[in-house]
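The data below hold one chain only, encoded as structure tokens and taken in the form predicted alone.
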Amino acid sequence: MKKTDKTYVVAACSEEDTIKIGKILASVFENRVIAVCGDLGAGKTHLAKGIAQGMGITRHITSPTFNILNIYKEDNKVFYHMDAYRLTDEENAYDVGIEDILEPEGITLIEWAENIIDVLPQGYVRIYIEKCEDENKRLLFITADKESIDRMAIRIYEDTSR
């Protein structure tokens, strides 16, 4: 992360809200790596579903916990969905072919990205999802370059103003 990056905090009050936020993120962070961190059950896969839907991918999105990497292609769009939970270091990440998805023609979302943070390219988007006391509520701390964050904030505002 760079000193010029900006963080925007978004509240999601349901799984549907998290998916909706993901759809908006898909329109802002094209061809980017998105590193998602958060506790078990925080909503990382729901966010991934929203991003895929925002890209126009209609296939069912599942957690890649066992496969480590799921690739979804549809209408010239590619969504790479990786789960780094079981990866313990850089070497493990390269063993599963991470170098092929770090400069995506589409979007790469990596759950449990904190496990392989050192291999991520400059300019990646960081999202930390925090569970709240209310079991349905989540706070998403989204960090990226100022221009992208400002564009995202406008889209979120427009979406919630309707």
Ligand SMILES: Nc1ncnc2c1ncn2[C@@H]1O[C@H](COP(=O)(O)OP(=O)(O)O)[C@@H](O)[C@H]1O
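Position 1 is the first residue in the sequence shown; the rest follow in order. Just so it is clear, the structure is predicted and the values come from calculations on it, not from any experiment.
Just so you know, the form predicted in complex with the ligand exists too; it's not on screen, but the next bit is about it.
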I need the one stretch from 93 to 101, 52 to 60, 37 to 45, 119 to 127 whose residues put non-hydrogen atoms within 4.5 angstroms of the ligand in the predicted bound form. 37 to 45
Any of the heavy atoms of D145 lying within 4.5 Å of the ligand in the predicted bound form? no
Within 4.5 Å, heavy atoms only: does C13 come near the ligand in the predicted bound form? yes
According to a 4.5 angstroms non-hydrogen atom cut-off, is E133 in contact with the ligand in the predicted bound form? no
Contact set, 111 to 131 vs the ligand in the predicted bound form - heavy atom within 4.5 angstroms: E111
